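In structure tokens, one chain follows: the form predicted on its own.
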Amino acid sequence: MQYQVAFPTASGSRAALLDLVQMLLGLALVVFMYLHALFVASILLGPQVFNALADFFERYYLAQVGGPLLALVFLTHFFMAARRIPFSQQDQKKVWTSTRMLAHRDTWLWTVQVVTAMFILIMGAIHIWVVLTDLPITADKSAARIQTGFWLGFYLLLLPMVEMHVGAGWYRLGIKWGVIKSSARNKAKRAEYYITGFFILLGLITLARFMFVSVS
């Protein structure tokens, strides 16, 4: 009996490479979003602390260079992930039916990622544009934006979308790449709940604090 060894095709190798790049970009965005949440939460220590950190980013051009770089990473990650997002109504119906039939938490997490990604793509792009076109970042500017117009509602919607997407993202990456073993899956799920809940709560407290910053 003869056996044939199947080697990866060029298209298969390309898909694997794209998956790897998507993973690395996703991890970079996870780290950035958690650090960003902590930076913005520095307003809880006072406007002076917030402004000092913002001034540090400005002085070393981390905002001027990092902002456009973040936008590039953000869009690249989305378009790579969009390879597996069902955009036609027929495909969306199939995915929804299959998800309900399987009734599996990790399958629902993928659906959550897809839905939140649509919101984040539009709202995240608006947020990045508004911030980068109004440098330097200051506590006064941030507070004035949140205290006027529709921005409070905007961030109240964007906040849970981002945190759910990020939490589901690192959990699903850990499962996909074998970092989270089957025996540790329940612990990882609880960690995801706690971390996501913590950053949503931190974000809500931060938004509340900005509402009471005196704008000059």
Ligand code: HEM
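All figures in this text were calculated on a predicted structure; none of them were measured in a lab. Residue indices: 1-based, along the sequence shown.
The form predicted together with protoporphyrin IX containing FE (HEM) is left out here; the points below concern that form.
Checked against protoporphyrin IX containing FE (HEM) in the predicted bound form, the candidates 115, 82, 72, 128 yield a single residue with a heavy atom inside 4.5 Å, and that residue is 128.
Protoporphyrin IX containing FE (HEM) in the predicted bound form is approached by residue 50, whose closest heavy atom lies within 4.5 angstroms of it. Heavy atoms of residue 207 reach within 4.5 Å of protoporphyrin IX containing FE (HEM) in the predicted bound form, making it an interface residue. When protoporphyrin IX containing FE (HEM) is considered in the predicted bound form, residue 33 lines it closely, a heavy atom lying within 4.5 Å. Protoporphyrin IX containing FE (HEM) is not drawn, but in the predicted bound form it has a heavy atom within 4.5 Å of residue 159. Taken together, the three residues 110, 169 and 196 lack any non-hydrogen atom within 4.5 angstroms of protoporphyrin IX containing FE (HEM) in the predicted bound form. Taking a 4.5 Å heavy atom cutoff to protoporphyrin IX containing FE (HEM) in the predicted bound form, the contacting residues in 126-149 are 127, 128, 131, 132, 137, 142, 145, 146.
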